[in-house]
Structures are given as structure tokens and as C-alpha cells.
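What follows is a single chain, given as C-alpha cells, in the form predicted on its own.
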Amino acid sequence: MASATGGVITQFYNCVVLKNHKLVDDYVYVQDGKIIDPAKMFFDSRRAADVRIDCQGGIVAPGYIDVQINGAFGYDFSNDTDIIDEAVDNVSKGLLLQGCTAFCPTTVSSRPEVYARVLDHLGPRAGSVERGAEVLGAHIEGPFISPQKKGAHELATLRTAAGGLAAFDECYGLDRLRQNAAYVTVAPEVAGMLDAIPRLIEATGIRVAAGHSNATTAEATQALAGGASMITHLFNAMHPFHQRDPGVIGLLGAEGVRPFYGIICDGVHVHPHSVMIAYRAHPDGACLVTDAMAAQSLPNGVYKLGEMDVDVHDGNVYIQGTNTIAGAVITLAECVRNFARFTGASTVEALESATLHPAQMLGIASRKGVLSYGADADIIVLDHDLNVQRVFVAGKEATRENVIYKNKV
């Protein structure tokens, strides 16, 4: 029970804990939604755990973080503008039960009026059993991207940055970016973008990723020097690798600080051999993402991705009537298992690619993606095949009995 020295203390025991890049036999203690130092509990507060959770020999890890997800359970963050709060609420809860305790709701290239309607609803909010996974701020993918590498983005929405910061203000509103966005995806070669990247970072404090890009390696390198720190869904919708000009992909071989990179491990977007190449080139940069769209966790059928109609069949997602891939339907837990299988990565490496690395990319690794003292008590318990067994957000267990969500009909 709670006491004068704080709330209920929960101990996770009979487990191996992901800590400091290792799996170690240890305990985890949680109080008031945070990981706590047991020494202080024992010696300063003179308390023992109030609740003990037997992890049955499993793995205790930070909750998963998905930094690119367009929607799920029938909802689409770019299309459901009239019910955007309903969309965020239900996706947050559904993701939580999958082991994803924090995420960046992602918008595809849209018109300014869409951003005006949805961005204020996609900003940061705390996670809880009542509200679902934590929202870390929006990932705004486009519309400052290459027409040649637009993928499933609507051509009519695309823009250049020839107007500098004013172009971003006109499209999104700089105040909305400051308050609600975690990062944006842009194509470095779009007119005005290389000059705009450092100014955008300075003006808003958000992260910048390179993606949907036909940039040369020289242009991509200049974007990296200007502050870009992420590659959006590596290998997809970008200049293909060439030995004399590897494009954005070539940043994996850059000298000095290299960017993080999102990678979709569904076996559809990226061949397992390509995943292996990325992992071998830059294992510490891997950020597993789902790029999931509305059909995630739903049957085959026709769904929306922004304004586009997409066909979903047996894990494949294409713009209707084309062979253009349009997002995914995989869960992040499946991505982790696939990454380990595709690459031979250790359990630690696979888990950190969905926990520590995305948190580092967003600059929040002091509180997310780790089980350090003082970090948020977003925790998953897994078996040794990396199946999620139990989920905790802010220190409280999330179950199908206390986390209720609905699919969009």
C-alpha cells in the first residue's frame, strides 16, 4: 500500500532485465510511474515492495516505441480528420496491448487544411491504462518530398521549400510544429530544403529525417551536416543504391556521426538480405518501424491511407489498381522477431532497435527506451522467443480487461 514515502512499490522478479546493453539477472522496482533505485527504497525509505510480479523467467524490457505509424484498427491519422480524437484514443489503446507503449502518429502528405485540423490532436500526451500508449508527438511525412519518390503520397499535395521557413509556416504552421511534432520527413534535394533544414530545427526544435528522396549522396550528406538525423524507411522510396552514388542509403557509410534509420521488417518492404546489410553497416542506428496503416489488425479489404484507396491482402498493401506499396499491417512486436531472424541479431540488439534507438533518435532516452532509475515505468515482459506476455504503462499493467478500444466500423 501507499505510504508517506510515496505510492505503491512494485517489484518485478524471476527475470532477466535489459539494462546497459545486456540481459542481466536482476529485479526492477517501480513507484509512482517511474523506475526507482532499490537501495534508496531499502535504506532511505526503509520499505520493501508492496506488490511482487513473478516474470516466470522471462525478459523484462522497456516498452516498444513506434516512430512511424499512419493508423491502425480502421483509423487513419490523415483521413479521419472529423474523428481524430477518437482515432488517437483507440489506436493508442490498441497499440498498448501489443506492447507498444509510445508512438509517433504519422501523417502522409496532405493539404494545409488537413494539418490545421489534425496536428493539434497529435501532440505529446502521457500514456496510461486509461488513455493508452504515450503519444510522443507527430511524425509529419511530407509534403516536402520528391515527386519521383512519392510512393503512396498524393502528387497534388507536394511542395518545395523555395520560400524557406515561410513555406513550412504556410503548410503546417510553425507554432503547431513546435507544440505537436516530434519530427518531419523531407527530401533534401527539394528546392530550398538544404538551406531550410538547419533553420527549421533552430526555429522549432524538432527532428528532421530524410526520406521519399531522390537525393544524391552529396545532397544527403549536406542534409546530415545541416542537422538531419534520421532516414525514413530505409531503402523504400529513395534513390536506389549505386556504387558510384548510393544516395541517402550511402549515409550508412558516412564518416563521423551517422543517422538513425527506420526500417520496416515485414518481409515485404525490404528483403531480409537488405535488412542484414543495414544491420551490419550500422547496427546502433536501426529503428524498427511498422509504417502501419488503417488495416493493421483488421481483415483483408479496401482501406484509406490519407486520400488514397489501398487494397490489403494477406499482409500486402498496395494503392488500389497499382503495384505501389502503401504502408504495412505488421505489428512492432512482429518486426522485432523478424529483425532477429533476418539478421541473426542478438536479443539485446533486436529489443534495443525498438526501444533505445528510437528513444535516442527523438532525444528522450533519459526517460524512454531504458530501464534506468528515474525513467518512465513503461515495461514489457517477454518470453525468450520475444513474444510479449505482459505490458505495463506508467507502472500499471494493461490488460484486455482494463484497456478497452474499438475498431472503426
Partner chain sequence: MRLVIRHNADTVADYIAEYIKERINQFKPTDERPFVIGLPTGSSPIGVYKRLVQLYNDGHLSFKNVVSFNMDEYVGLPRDHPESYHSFMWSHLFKHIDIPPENVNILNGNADDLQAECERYEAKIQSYGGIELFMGGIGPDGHIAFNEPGSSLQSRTRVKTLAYETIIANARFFGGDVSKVPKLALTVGVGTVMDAREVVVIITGANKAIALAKCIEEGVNHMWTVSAIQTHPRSLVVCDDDATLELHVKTVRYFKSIEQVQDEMIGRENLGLYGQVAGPLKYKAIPSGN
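Here the structure is a predicted model, which means the values were calculated and not measured. Residue numbers count along the first chain shown, from 1.
Beyond the structure shown, there is the form predicted together with the partner chain, which is absent from this document and is the topic of what follows.
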In the predicted complex, does residue 44 have a heavy atom within 4.5 Å of the partner chain? yes
Does any part of residue 26 reach within 4.5 Å of the partner chain in the predicted complex? Heavy atoms only, please. yes
Residue 38 near the partner chain in the predicted complex, any heavy atom under 4.5 Å? yes
Partner contact for residue 10 in the predicted complex: the partner chain, 4.5 angstroms, heavy atom: no
Using heavy atoms only and a 4.5 Å cut-off, determine which of 341, 52, 367, 384 is in contact with the partner chain in the predicted complex. 52
For the partner chain in the predicted complex, the stretch among 342 to 350, 27 to 35, 376 to 384, 53 to 61 with residues bearing a heavy atom within 4.5 Å is 27 to 35
